[in-house]
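Below, in structure tokens: the form predicted alone, a single chain.
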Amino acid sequence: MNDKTASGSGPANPSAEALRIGVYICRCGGNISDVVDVERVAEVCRHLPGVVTANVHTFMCSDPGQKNISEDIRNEKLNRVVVASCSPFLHELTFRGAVQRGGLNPYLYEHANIREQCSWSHKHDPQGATAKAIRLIAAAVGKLRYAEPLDQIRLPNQRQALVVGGGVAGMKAAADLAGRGIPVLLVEQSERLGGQVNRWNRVFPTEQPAAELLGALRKQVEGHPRIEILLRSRVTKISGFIGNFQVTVEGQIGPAGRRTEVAVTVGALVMATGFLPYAPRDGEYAYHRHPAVLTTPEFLELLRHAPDAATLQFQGRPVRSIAFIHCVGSRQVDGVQEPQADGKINNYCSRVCCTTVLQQALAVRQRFPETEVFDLHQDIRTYGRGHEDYYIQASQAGVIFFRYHGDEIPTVAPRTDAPAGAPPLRLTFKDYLTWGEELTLDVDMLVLAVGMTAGTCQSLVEQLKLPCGEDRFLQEIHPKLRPVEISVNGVLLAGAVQGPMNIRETLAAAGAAAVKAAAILAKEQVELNPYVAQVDADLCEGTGQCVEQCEYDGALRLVQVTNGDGKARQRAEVNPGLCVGCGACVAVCPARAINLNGWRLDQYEAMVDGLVAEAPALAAATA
């Protein structure tokens, strides 16, 4: 390999004398060292060109481990650092901070994943896992030979937030942001705030009236001097990047209520578009085939307006028996339930349905004591604090439980030949609380416990290229390390937009989203990682192939420039706020005029050299 980069740009390869690299290998409490011979790895790495120290620590991410790195940078005059530990998704920011505290540019650090890629994936081959760990570290050391200090990208920040969705999550996020001094635009497509909770009677497990909860939240946002609320409105266009999102809102805006458009610029966006209850297909469990088959939201409406009596009344007749079926639209099984419109089944658990059913079943037994209640479930998942009490109380109140298997769902048929006054619905199922006995149950009403499905935000998903999981909900980066954050900088998730949640979880997530949005908007500028494309103006031929390949609108464009001879030509220009560093442009540039900061082509080549090197030390380790 030449000492220059393949494209002619980038630094020359520094001599081994100029390099002072420290390698830090983590035992990960045995997660790594139980398989990988970390002491052997350290011994081999001490002989790699440019490496002046290689240390092993039980928990490199701990405070003592980080302190070890920072002190070595100062004492050993290190100018590059490699950390070999678990996935960089977990602790890249941790080690970058440790490097910076030692006085070194944080982008002169490289990470080698020897847990997921070595000890965990080759646990039955310790020798092979050890050899692979050595080569991964050698690749990281090779990459650092061409590393250069990088500075964060700093962009102007429009210190206003947009909250999309005026349900519980949206109101909570807006109130918390306004309480931190941040102006908020709250957009809700319906005629009132509150979302799905407007349909509820009481919330579990506190049994607080839903109207009371909503009233308290509305009081916090309506009339607040820093919150502008737009009802009957929706976001139709959105573009830009963190600190500078251009948003178009269409709706009945202003005192006259005429449909119009407004354009605003915001620095951060909170997605709080919530969920939709699963809509059973026509005929699913006889839904729409018989009026006494309801969904849980519909049954809630019935309970809200029904007077207390010996039995529940429905359409002028007494309801002496009710059956609930769990997991309608959730935990679906391939080949049993029909797929949804996108060809997928809803194989996830909606989490809150079990407690919802038990709350409703208990309410029926308490308010209508002569109405029998039957519960058909796959299993009971009352996972939250205080939720199990509903199961105990429902059992004590006389609710009768049956258990079916997900691949043997109950069948429901209207009893067209039932005598007058007899139950009009017949359920047939195998009960695995009685060893698979097939049972028939005739009831006056059937309630389908429908799950949660992703809310209506597809337009914004497409415009901002927001990632969705297999369940179609928006996907956060990491549920523990970066909750409520999504891979698009400046966009936060609040509540059930990212998956099924109960009220307590929704409020907590909305509060977390507000805190993170406020942290973004607290500064005059936003700071971004410098891992974006960079164009060598001297090499760029302006073919436009990079612009055609780029999937992020506005991240790359062609601009007119003037040569030294006065002739005009085109060249590519990068918008660092929109570039995500995917590298698609690098692959198609015929002149090799584009590179990614921190991941240049010469660095890739050096990594390959490290992986395939047959130096004596590496050969001995892999023998």
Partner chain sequence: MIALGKPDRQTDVLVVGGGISGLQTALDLADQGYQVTVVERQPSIGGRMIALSKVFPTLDCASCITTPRMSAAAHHSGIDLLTYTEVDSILPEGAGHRVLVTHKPTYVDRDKCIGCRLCEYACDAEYPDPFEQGIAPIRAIAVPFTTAIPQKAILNAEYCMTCGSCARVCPTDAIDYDQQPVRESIQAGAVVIASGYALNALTAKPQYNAQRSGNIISPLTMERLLAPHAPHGRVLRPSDGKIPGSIAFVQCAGSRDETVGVAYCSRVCCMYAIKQAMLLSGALPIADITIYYMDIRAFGKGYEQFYQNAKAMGINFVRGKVARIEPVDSDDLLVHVEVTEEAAGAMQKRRHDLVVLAQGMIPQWNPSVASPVRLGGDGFVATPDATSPASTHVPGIFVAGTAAGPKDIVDSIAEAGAAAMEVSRYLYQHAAKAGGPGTAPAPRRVALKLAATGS
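So that the term is clear: the rigid core is the largest set of C-alpha atoms that superpose within 1.5 Å between two forms. Nothing here was measured: the structure is a model prediction, and the numbers come from that model. Numbering follows the first chain given and starts at 1.
Another form, the form predicted in complex with the partner chain, is not on view; read the next lines as being about it.
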{"property": "Contact assignment for the partner chain in the predicted complex, among Val262, Ile400, Leu150, Leu302, heavy atom within 4.5 Å", "result": "Val262"}
{"property": "Contact residue in the predicted complex, chosen from Leu427, Leu507, Leu108, Ile73 - any heavy atom within 4.5 Å of the partner chain", "result": "Leu507"}
{"property": "Options 268-276, 292-300, 452-460, 222-230; stretch whose heavy atom lies within 4.5 Å of the partner chain in the predicted complex", "result": "222-230"}
{"property": "Exercise: Val574 in contact with the partner chain in the predicted complex, heavy atom 4.5 Å", "result": "no"}
{"property": "4.5 Å heavy atom contact, Asp471 and the partner chain in the predicted complex", "result": "yes"}
{"property": "Gln498 within 4.5 Å of the partner chain in the predicted complex, heavy atoms", "result": "yes"}
{"property": "Contact label in the predicted complex: Asp125 to the partner chain, heavy atom within 4.5 Å", "result": "no"}
{"property": "Site check Gln208, Arg385 and Lys480: each within 4.5 Å of the partner chain in the predicted complex by heavy atom", "result": "yes"}
{"property": "Leu303: Cα shift of 2 Å or greater between the shown form and the other one (core-aligned)", "result": "no"}
{"property": "Large Cα move at Glu71 between the shown form and the other one, threshold 2 Å, rigid core", "result": "yes"}
